[in-house]
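Starting off, we have a lone chain in the form predicted alone, written out as structure tokens.
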Amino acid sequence: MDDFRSTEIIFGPQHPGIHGNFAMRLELEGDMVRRARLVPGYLHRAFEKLMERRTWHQNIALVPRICVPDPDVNEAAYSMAIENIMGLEVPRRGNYIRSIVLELSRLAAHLMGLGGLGGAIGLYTLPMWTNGERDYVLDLFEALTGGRVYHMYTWPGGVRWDMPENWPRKALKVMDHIEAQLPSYYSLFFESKVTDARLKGLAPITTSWAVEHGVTGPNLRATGLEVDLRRDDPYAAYEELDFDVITLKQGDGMARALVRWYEVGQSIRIIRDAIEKMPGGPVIAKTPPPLAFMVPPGDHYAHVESSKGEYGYYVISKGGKYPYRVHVRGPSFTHGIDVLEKMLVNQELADVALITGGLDVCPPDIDR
């Protein structure tokens, strides 16, 4: 590239269009991106190594930080891997509560992500509204787990304790409230000429390209491929719950946003269904106390469908109080490096924040 025609800039981590603390080194020709390289390392690091020096239960407080907007998938996948190695069977009621927690986490993450996308476009009313609704979801988490952002609620064997007596009623009230606001949000965002001009046709990808580059979750379903681990490889109570797998075919910025939008309604549907079908009984299997908790030798890969895509934990035990190795397969590691760097080439500088936000990248997953 001609040095007199090219410019190199650092985009982020302070840029408001970046969904988290990472930067990109962009080579520009005019206002067109000709080359993009991620600059990670601004967040928590070495999680996987730290887990080797912490007991099985101490890691429950560590893993949610690998994806702050959607933390509970980490607790679930990590616990599921341990349960498989130990042969633990989670009580049916515990699995139902896990499904509710995971859908609340997905709901909060999608509201936050869509609001950020609206802010990147310039529709600043949307993040004000969606973050306000997200606070009601965090209120539910606080009432259930004691924590608003990090919960440490899903443990090997089930969940730490049962729901408070009046919590299901509060949850249903919040679901009714959010659902009642959705038409106004849709009108504000998706019926806006600005949104249509900025997202329609933005950085489209095909199904074959997405599969080749390891794209998962809403970004893959936006290309038309009907893949969802909650249905295809059921865990928790999803096999007994009613929901649709949302897909669109365009594969562009608008499709990626719309898939997440419709999934908000599906999460509300799943939460209601789980509360209605909630069985009785214990919520956690009988296990030794945390300080005496031992896992026999073995290994297992457990995965769940997060708001960002496939989230997996490969756990190896050599027997004892600590994991031997833990590896996290987070979707943002793929979406935020290989996929994002390729998608930004030949895009306008003004669209960099929209493409990044549309992929819904979670930077701690990259830095882990």
Partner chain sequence: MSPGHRQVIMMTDFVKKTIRPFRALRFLARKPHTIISPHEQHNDIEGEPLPTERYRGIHINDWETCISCGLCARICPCDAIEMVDVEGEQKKRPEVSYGRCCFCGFCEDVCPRDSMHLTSNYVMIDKNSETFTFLPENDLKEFQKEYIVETSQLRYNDKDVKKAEKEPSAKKGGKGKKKK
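Positions refer to the first chain, counted from 1. Note that the structure is predicted; figures quoted are calculated from it, not measured.
Below, we turn to the form predicted together with the partner chain, even though it does not appear here.
- Comparing 225 to 233, 153 to 161, 206 to 214, 105 to 113 against the partner chain in the predicted complex, the single stretch with non-hydrogen atoms within 4.5 angstroms of it is 153 to 161.
- Each of T145, R169 and L291 comes within 4.5 Å of the partner chain in the predicted complex, counting any heavy atom.
- At a distance threshold of 4.5 angstroms between non-hydrogen atoms, A61 is in contact with the partner chain in the predicted complex.
- Contact annotation: S192 falls within 4.5 Å of the partner chain in the predicted complex, judged by heavy atom distances.
- The closest heavy atom approach of L188 to the partner chain in the predicted complex falls within 4.5 Å.
- None of the heavy atoms of H300 is located within 4.5 Å of the partner chain in the predicted complex.
- Interface residue among H327, R65, R45, K342 relative to the partner chain in the predicted complex, by the heavy atom within 4.5 Å criterion: R65.
- This chain is drawn without the partner chain; in the predicted complex, the residue among K318, R54, K49, R35 with a heavy atom within 4.5 Å of it is R54.
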